[in-house]
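Single chain ahead, written as structure tokens, the form predicted on its own.
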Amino acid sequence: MREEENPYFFERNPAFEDRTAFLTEDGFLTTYHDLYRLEEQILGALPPRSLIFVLCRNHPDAVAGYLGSLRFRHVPLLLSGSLSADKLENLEQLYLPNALLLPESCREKYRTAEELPSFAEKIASCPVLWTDGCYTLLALRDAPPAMNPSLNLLLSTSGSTGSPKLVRLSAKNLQANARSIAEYLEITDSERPITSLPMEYTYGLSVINSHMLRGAAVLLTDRTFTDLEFWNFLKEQHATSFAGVPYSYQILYKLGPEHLDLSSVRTMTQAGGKLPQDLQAFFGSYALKHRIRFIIMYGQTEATARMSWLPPEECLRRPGSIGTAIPGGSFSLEDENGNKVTGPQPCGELIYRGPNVSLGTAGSAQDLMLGDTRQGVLHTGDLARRDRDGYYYIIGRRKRFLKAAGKRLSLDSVEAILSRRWPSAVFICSGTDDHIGIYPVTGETRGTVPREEEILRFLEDSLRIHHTVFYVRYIAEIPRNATGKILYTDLPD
């Protein structure tokens, strides 16, 4: 069967039945035939169009629950398996799911949550619809909430996984993005990607989707670049690719890729934020030397996963670039008044158009009835410029621009000038107009940490803004979520 004859990557494909779908660290092998049967076992007792909360690990049961939900036209919400009881209860009250698929360890944790006795009692008393000792499916309600027929998946945005704001996605969004990724990455059924990111994270999920589309075998692990076992698993199972966010590549750089056996790896991909140009140069050169494709990408949950890619041959020629739009999509730039920005170099908000643009967002169960509010157009909130050859460069977030003492100021540029002044130090910046926090990171600084008065005097001289606009707070480490994104809201005032 040709791939185009299979309407969606999550549908049963007779041509894939005997192929390996998953391999785990304990040697457990799942064929596509096994996967389809597991989907049927997990979801067989659910009413039509169920809303299922799936607490994720990179585990065959979780992936089967997700793919099976799509196949049988249920609507899964993918959440972190480490989600706290209070955040899960808040989401459960807002969205009224009728089923919960979770690891057995999580079930026990929630059943004994002393701080939420009513929620713990609910989890303890829910009927069990299916279990295999690793994962359990619980019935929370008799009936699901009303949902739009086009709705097929809910994902949390890239911030906290307990956020009540969810992105609404259709099967067409998922299929379009999986097909586009498989096309530009040239994915075949011989690929063996390793899950270096959580599956509830849109980037990590896109790795699974695009490879399942081609009938490839996915190496499932919850381990990260910091774990020696991750690299052992990659070596033993001959992984052909891995994905990472900027923080992942910072870790890999410190480990030293030359000390790891990456002989089976053919592709390394990066998304989830802007990679520092020195790391782009390092990994671009490393990949070129070892005949690996190093591909930088850009995406958002609101566009299913990915919107751009930088061909590997352009990596060293275009430092800082996110590349061009993925197949089937297009970019444009708009100024503050919504007018189109033309020509090279001038910047504007990056606008993306494509079939992978989500239906919109939701804040409660009532919003699940909404239709397509975006109509294929996404205002990314990122400011970008375009070079003469049509390649794009992100220069900052609109919300990371402030008006300090009457001057328009980019927090990203403040971080950059501080780093240029003290190259051995690490800084992050956050705040509001006229109250900007400077956070030197003592645990990551290589050398002497500058004193508060030095920092304030330098900023006043460099930016011509009075030092009272800024405040300095030293922190031991940067607060990050599971995918390495900085949690600015967790910074001290």
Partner chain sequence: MTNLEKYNKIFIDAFGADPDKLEELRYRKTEKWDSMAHMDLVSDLEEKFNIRFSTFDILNFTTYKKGLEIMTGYGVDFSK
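The term rigid core refers to the most C-alpha atoms you can superpose between the two forms while keeping them within 1.5 Å. Residue numbers count along the first chain shown, from 1. Just so you know, these numbers come straight off a predicted model, no measurement behind them.
Another form, the form predicted in complex with the partner chain, is not on view; read the next lines as being about it.
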Option touching the partner chain, based on a heavy atom within 4.5 Å in the predicted complex, out of Glu349, Glu236, Asp222, Glu183:
Asp222
Exactly one of Lys165, Arg408, Lys340, His259 comes within 4.5 Å of the partner chain in the predicted complex through a heavy atom, and that residue is His259
Spell out, yes or no, whether the shortest heavy atom distance between Trp309 and the partner chain in the predicted complex is within 4.5 Å.
no
Does at least one non-hydrogen atom of Glu115 fall within 4.5 angstroms of the partner chain in the predicted complex?
no
Using a 4.5 Å heavy atom cut-off, state whether Arg420 contacts the partner chain in the predicted complex.
no
Given that the partner is absent here, does Phe119 sit within 4.5 Å of the partner chain in the predicted complex, heavy atoms only?
no
Which one, 209-217, 223-231, 265-273, 278-286, holds residues whose non-hydrogen atoms are within 4.5 Å of the partner chain in the predicted complex?
223-231
Contact check, 236-256 vs the partner chain in the predicted complex, heavy atom within 4.5 Å, ordered by sequence, gives Tyr247, Ile251, Lys254, Leu255, Gly256
Has the Cα of Gly27 moved 2 Å or more between the shown form and the other one, judged after a core fit?
no
